[in-house]
Ligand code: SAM
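The chain below stands alone and is given in structure tokens; this is the form predicted alone.
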Amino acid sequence: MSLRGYLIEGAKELGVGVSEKDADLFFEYLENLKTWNDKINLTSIKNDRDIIISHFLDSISVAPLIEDGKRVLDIGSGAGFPGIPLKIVRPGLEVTLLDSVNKKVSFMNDTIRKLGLKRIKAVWGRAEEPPNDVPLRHFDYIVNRAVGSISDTLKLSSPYVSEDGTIILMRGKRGSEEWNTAIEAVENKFELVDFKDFTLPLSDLKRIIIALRPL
């Protein structure tokens, strides 16, 4: 299967449509990621196929939970995951990418410019240290991709989520175990609205998605 096939067919398995135009954007993103990765440490994954599966498909796995046209904050976005892939497949989203490493913010903004994406920006700052140019109580969705413990991540995310908003946690193979450890501490503060345990397409990589709404 071609790399484009991995992307389009893998996305289809996740219930996400990736058009040929979307695929072009993903591959432009891939090339820019590799160019910058030679200068700064953005990802330890170097193989194109593995980047498509472990970063691109992983990022868009939450797309079925996110309504287009809404406001999304990606905390600890790093190299733009999951925020930039989500913007590609949900072009109506308004996306803010927050990271505390200036060079990564520069990479993300360079990628946004090269892909011609609108209503998306990368911001330098720490979620735990507002004000950081990110509005509080503003976002319909907060997405976090394996950033700290579940309890700490919810604490970081809560000031930014709107009254009826959702916090989406993306975890690895230990996600169920992490959730079972955290549930007692968070169950009176958050409502569990979705829990998905799945394997990334074309791989044996286990993933957990936990969607929570503050009470």
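Predicted model only: the values in this text are computed from it and were never measured. Counting begins at 1, following the sequence as shown.
The protein also exists as the form predicted in complex with ligand SAM; that form is not presented, and the subsequent description refers to it.
- Judged against ligand SAM in the model of the complex with a 4.5 angstroms heavy atom cut-off, the residues Asp99, Val147 and Leu156 are in contact without exception.
- Screening 101 to 109, 87 to 95, 134 to 142, 114 to 122 for residues having heavy atoms within 4.5 Å of ligand SAM in the model of the complex returns a single hit, 101 to 109.
- Ligand SAM is not shown here, but in the model of the complex it comes within 4.5 Å of a heavy atom of Arg126.
- Contacts to ligand SAM in the model of the complex (heavy atom within 4.5 Å) from stretch 71 to 89: Gly76, Ser77, Gly78, Phe81.
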